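What follows is one chain in structure tokens, specifically the form predicted alone.
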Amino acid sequence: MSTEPLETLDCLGQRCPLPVIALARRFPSIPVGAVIRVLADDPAAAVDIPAWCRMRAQQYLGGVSVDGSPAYDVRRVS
């Protein structure tokens, strides 16, 4: 399975809970097995996105840096 994101959500400059809301809204439209990357510079995203993955039984792949901005990769498993 690829870890390359199918799509990237740019949530830079948005504060909690907007990055998680954007992820939750977009998530149903990506195929099972695909990875979505969320760019989010709100420090709460580092906690909120993994917590959302646990609550929704989705796979949190971890944080990465994209051009110096924090990003979080999530795989849709169901």
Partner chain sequence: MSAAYFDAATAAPLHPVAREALLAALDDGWADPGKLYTQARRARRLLDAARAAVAEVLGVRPDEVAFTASGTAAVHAAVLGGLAGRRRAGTTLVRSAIEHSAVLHAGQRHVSAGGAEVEVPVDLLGRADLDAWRAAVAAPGTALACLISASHEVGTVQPVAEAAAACAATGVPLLVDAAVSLGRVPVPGGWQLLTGSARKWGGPAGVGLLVLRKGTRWVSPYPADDRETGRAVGAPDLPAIVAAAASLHAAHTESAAEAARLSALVERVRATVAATVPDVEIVGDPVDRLPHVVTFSCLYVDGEALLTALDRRGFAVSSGSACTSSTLVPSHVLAAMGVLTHGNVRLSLHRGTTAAQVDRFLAELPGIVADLRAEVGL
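Everything quoted here is computed from the prediction, not taken from an experiment. Positions refer to the first chain, counted from 1.
Omitted here: the form predicted together with the partner chain. The next part is about that form.
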item: The partner chain in the model of the complex reached by all of Pro17, Arg25 and Met55, non-hydrogen atom within 4.5 Å; value: yes
item: In the model of the complex, Ile21 touching the partner chain (heavy atom, 4.5 Å); value: yes
item: Heavy atom of Gly33 within 4.5 Å of the partner chain in the model of the complex; value: no
item: Partner contacts for 34-59, taking the partner chain in the model of the complex and a 4.5 Å heavy atom cut-off; value: Pro43, Ala44, Val47, Asp48, Ala51, Trp52, Arg54, Met55, Arg56
